[in-house]
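Listed next as structure tokens is one chain, alone, in the form predicted alone.
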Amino acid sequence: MERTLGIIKPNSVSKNHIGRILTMGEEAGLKLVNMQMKTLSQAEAGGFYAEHKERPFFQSLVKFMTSGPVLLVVWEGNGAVEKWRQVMGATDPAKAAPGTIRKLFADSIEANSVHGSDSVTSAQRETAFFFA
């Protein structure tokens, strides 16, 4: 069994898409094993996205991720990382496949509704960042 981190971002929380997004994950065969709703601090958002610190979008990403509550989730299942990434769709909602979370709910490439770990290694690190 594999685990991966998902984050339902502030725009999806404020638009009441949580239930639909969680249902999409469950319908893909993932099991929700932990979740927590919280508003990220600047330090938490900056620390979580530290790998992007030198990129031009870093400050606006941190501002967006601290703009309201997020739902942090841990999914479990066979191939959980890849399954969740397929359900999410491409980072750029304009390039996301029909029926994916980002195609349905994203506002922009930055406000793209959800986050998902990009590898098993990242999933372990990211899950540990929020869930001790």
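Computed from a predicted structure; not experimentally measured. Throughout, we count residues from 1 along the sequence that is shown.
This protein has a second form, the form predicted together with adenosine-3',5'-cyclic-monophosphate (CMP), left out of what is shown; the following refers to that one.
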Taking 4.5 angstroms as the heavy atom distance cut-off, pick the stretch from 69 to 77, 101 to 109, 38 to 46, 23 to 31 that is near adenosine-3',5'-cyclic-monophosphate (CMP) in the predicted complex. 101 to 109
For this chain shown on its own, do A123, R125 and F129 all sit within 4.5 Å of adenosine-3',5'-cyclic-monophosphate (CMP) in the predicted complex, going by heavy atoms? no
Check H115 for me: does it contact adenosine-3',5'-cyclic-monophosphate (CMP) in the predicted complex (non-hydrogen atoms, 4.5 angstroms)? yes
Would you classify Q86 as touching adenosine-3',5'-cyclic-monophosphate (CMP) in the predicted complex, given a 4.5 Å non-hydrogen atom cut-off? no
Interface membership of K63, adenosine-3',5'-cyclic-monophosphate (CMP) in the predicted complex, 4.5 Å heavy atom rule: no
Heavy atoms within 4.5 Å of adenosine-3',5'-cyclic-monophosphate (CMP) in the predicted complex is the criterion; list the residues of 32 to 58 that meet it. Y49, H52, F57
